[in-house]
Structure formats: structure tokens, C-alpha cells
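For reference, the chain that follows is the form predicted alone, supplied as C-alpha cells.
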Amino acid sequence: MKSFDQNYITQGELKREYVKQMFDAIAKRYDFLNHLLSFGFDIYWRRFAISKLNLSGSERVVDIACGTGDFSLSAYRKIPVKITGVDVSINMLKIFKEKAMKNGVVNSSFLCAEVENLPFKEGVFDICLVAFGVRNFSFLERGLKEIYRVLKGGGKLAVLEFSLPKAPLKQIYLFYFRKILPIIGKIISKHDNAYTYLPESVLRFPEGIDFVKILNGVGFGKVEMWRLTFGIVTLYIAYK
């Protein structure tokens, strides 16, 4: 495992390998840490996002950077949809598959692949979900263009991503994010760098209106945005 280097966050090829190894290493403790470090709000964030998609049950859904699948499983629990999970971490996908079987999910598939080179034809999916994964794309715009390509006309992209709250909460949040979260994450995940990478990647991500401009730039038209839990997370829904 490579040691943490902030340059990995912006250098595509290095970042891809770093992210893959990191998530393979922490996969078994990933769900527990998500719930613990977010104080359980991650469950609410996903449910809120799914509620805004107005699913009918006939949709084909692709969950990009799916991790252990909580986003698309949240959609499936609301109404059964056809799920395809895509991630670079094979260990994350194994856990996703196990959880899908336990939840009685049918019409699901799991693929180890990079978002910048999706092995799908154009216009395959109705919905694309990405929860806390766009900041991990090796090449952000290239990945978003691939998502745009595989969505049907009228399809939707739902992105949940961390963002920065406004002052005075911002100072408290940054202290927790930079000082407390990495320590807890390291102790539980047994990984030296994963929860140091997290805050650094969030701080470098072009959030809010800057991300909306990028979505527009790769082809998405209307983009809706909701800031959740005092602004520590933002939901973006972009329409093709």
C-alpha cells in the first residue's frame, strides 16, 4: 500500500491505484465507520436523495463507485428496481453482493470497472447514483461524461457528496473532520491513511455551484441542489 500523499488526490493514474487499494483494505469496516462517523445521518441522506427521484420501479439503476451498495439498496427498499453496481474495489463489490442476497434483491449485477471507461452501450440506464464517490474519480469530467453517455435521454444523475457548512459551524466541522475523524477512522479501520485522505479529498472537491457548472459543462441540463444537515452534505440531481 502506498503511503498517503496529497498529490494522489489530483494526479489521475496515481489516484486510481491509491483509491482502489485503500477501499479494498477498509471494505470490511466501511459500513460501520460510515454510520459511526456520520452519527447515522448517512442513512437519512440516502433516503432523502431517493425520495427526490420519484422512482416507479421500472428503472434500470447504475450505482457508480457503489462501495457496499447502500445507495442503490436504499432505492430497492423503496421500490424494486434493476441494480447494476460498479466499483474499482473488488472487496467492496463482494460485500455489496452479499448484502443484496440478504435483502432478497433480484435483477442485480456487479462489475469491477472504472467510471472513466464504462463497458456499457449509450443510453442504457434511467438513473445513475453516486454516493460520496465523485471526489474519488481519477478524472472527474471524463467520469461524468461517461455517466452522461450511458444514461437515457431524460435520465437522472443523483450525487451525494460532502461539502462545507457556513461559519460558525464550519470551524467546528473542520476541527472534527481534520482532527477527530482521522483518529477514530484509523483505530477502527486499521488503515493508516484512509481517513486522512477523506477530509483532504473533500476540501479539494469543487462543491456547490462550481460542481453544477462542471455538470452543465459535460452536457447535463437542469441541475437541482439541496444542502443537507447544515450544509455538510449536498445532493445534486442532474438531468440528461
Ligand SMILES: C[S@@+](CC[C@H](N)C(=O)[O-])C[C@H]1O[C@@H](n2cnc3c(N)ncnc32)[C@H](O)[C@@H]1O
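Every value quoted in this text rests on a predicted model; they were computed, and no experiment measured them. In case it trips you up, residue 1 is the first one in the sequence shown, and so on.
Beyond the structure shown, there is the form predicted together with the ligand, which is absent from this document and is the topic of what follows.
J.: Verify the contact flag for Ala65: yes if a non-hydrogen atom of it lies within 4.5 Å of a non-hydrogen atom of the ligand in the predicted complex, no if not.
T.: Contact check for Ala65: yes, within 4.5 Å of the ligand in the predicted complex.
J.: Answer for Ser138 alone: is it within 4.5 Å of the ligand in the predicted complex, judged on heavy atom distances?
T.: It does: once the ligand is placed as it appears in the predicted complex, Ser138 has a heavy atom within 4.5 Å of it.
J.: Please run the contact check for Val81 against the ligand in the predicted complex: heavy atoms, 4.5 angstroms, yes or no?
T.: Flag for Val81 set to no.
J.: So, in the predicted complex, is Asn34 in contact with the ligand at a 4.5 angstroms heavy atom limit?
T.: Residue-level check for Asn34: yes, a contact with the ligand.
J.: Please identify the residue among Phe205, Tyr173, Tyr30, Phe41 with any heavy atom within 4.5 Å of the ligand in the predicted complex.
T.: Flagged contact: Tyr30.
J.: Want to guess which of 66 to 74, 210 to 218, 50 to 58, 179 to 187 is within 4.5 Å of the ligand in the predicted complex, heavy atoms only?
T.: Heavy-atom contact with the partner occurs in 66 to 74.
J.: Are all three residues Ser108, Arg149 and Leu151 in contact with the ligand in the predicted complex, where contact means a non-hydrogen atom within 4.5 Å?
T.: No.
J.: So which residues in 96 to 117, when you check the ligand in the predicted complex, have a heavy atom no farther than 4.5 Å from it?
T.: Result: Ala113, Glu114, Val115, Glu116.
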